[in-house]
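One chain is shown next in structure tokens, namely the form predicted alone.
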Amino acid sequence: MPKEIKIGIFGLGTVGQSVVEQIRVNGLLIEARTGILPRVIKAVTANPHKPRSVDLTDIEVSADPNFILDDPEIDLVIELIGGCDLAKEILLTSFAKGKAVVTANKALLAVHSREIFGAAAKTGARLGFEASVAGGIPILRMIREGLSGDRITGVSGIINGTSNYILTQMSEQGQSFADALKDAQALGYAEADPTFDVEGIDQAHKLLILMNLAFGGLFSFDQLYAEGITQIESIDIAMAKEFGYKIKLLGKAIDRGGSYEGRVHPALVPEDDLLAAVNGAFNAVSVEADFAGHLMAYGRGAGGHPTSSAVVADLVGVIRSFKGEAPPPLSLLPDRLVPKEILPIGEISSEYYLRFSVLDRVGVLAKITRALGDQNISISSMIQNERAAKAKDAVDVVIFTHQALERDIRKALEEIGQMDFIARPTKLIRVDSP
């Protein structure tokens, strides 16, 4: 066995610099735990001459990807550039050349899931991707190793710190969505273009990776339902609180005995649920398993140091695998890994929060409840704001339903939406339940 492992790193942003720093600081600790010293010898970045906050002594830096890919001395590639096109080429080429890979690229692993994991299985490549989901929280390792002998039936959680910070500010500080987003951007939690975070796309990437691992399949990202938080208003936060809930943006996946739910959307979470207490930019992932029962992991889901911790943990895992058999990236043996389908959102069943903005007329409630009843939707509770000051003003009517199929809810809302007393589109938020 070699006494050291030579590493090439793609990307010297916040996370990349933190990885280099951690390997420098903890290299001897890693050697003490594995018998092999990790050493970064090359780096590729778009701007090789840009000043960095980390010591790059003894690390050659280039803008050419082949500077690393064509070097036979490099045993392991760390990919931290983000995006899909170049990153996919880096991973596939590394697999073909027999190099191990560690990546934090959630978008690549979700959108090109079948191609990447298929190539890793075909070549027998060592692939670590812990940092792609929930930053420094070792949730993938918990599923792959800690629950390797158990059947996982569900995964849910708060897996985007930006959206969770915004909802926390709206709930705890009474801020509007727009003001909370500005604060998140000022603190560095949100990008200048926050679309991926606030529209649920980032969470959907992470959830698909979790589903692949938890349910032993290759799911298609195109089938996963994603809805963000841009339509959540202060009144929804207040109504949720009045009924004993908090609104959180959840990723939720459930094995329904061979059919699979996979969805990202705002949800009313009961205040006594552990997920309701996850505030600010923190993440938490809840796992249900047949024998282990309910487990939850909590921590910082992003940032240079938490993410680099996950990257270096994967590095240690790869080093150890050089001394023995490398576990398959998605836990199952390659010949057992098959494509699986995600149920359409219309096929899920849930309780619902419905907020109708209506003109204050006689018979409005009767017409709404009749339309819901025609689709077999029963009401658990209802509240109406005070009467409108003027006839032309709208009032809010909030209805909580019992369990109902989403397709029935949507059919009823389509009919109600055409009624002449509806002032604005109806707000639908699902209520989180097992």
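Only a predicted model underlies this, so the values are computations on that prediction, with no experimental measurement involved. Numbering starts at 1 and runs along the sequence shown. The term rigid core refers to the most C-alpha atoms you can superpose between the two forms while keeping them within 1.5 Å.
Just so it is clear, the following notes concern the form predicted together with L-homoserine (HSE), a form of the same protein that is not shown.
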K206: touches L-homoserine (HSE) in the predicted bound form, heavy atom cutoff 4.5 angstroms: yes
Partner contact for Y189 in the predicted bound form: L-homoserine (HSE), 4.5 angstroms, heavy atom: yes
Proximity of T162 to L-homoserine (HSE) in the predicted bound form, heavy atoms at 4.5 Å: yes
Touches L-homoserine (HSE) in the predicted bound form: D202 (any heavy atom, 4.5 Å): yes
Among 310-318, 154-162, 252-260, 87-95, the region lying within 4.5 Å of L-homoserine (HSE) in the predicted bound form by heavy atom distance: 154-162
The single option of L213, A276, A302, I237 touching L-homoserine (HSE) in the predicted bound form, heavy atom within 4.5 Å: A302
Stretch 82-106 - residues with a heavy atom within 4.5 Å of L-homoserine (HSE) in the predicted bound form: K106
Core fit, then E191 C-alpha moves 2 Å or more between this form and the one not shown: yes
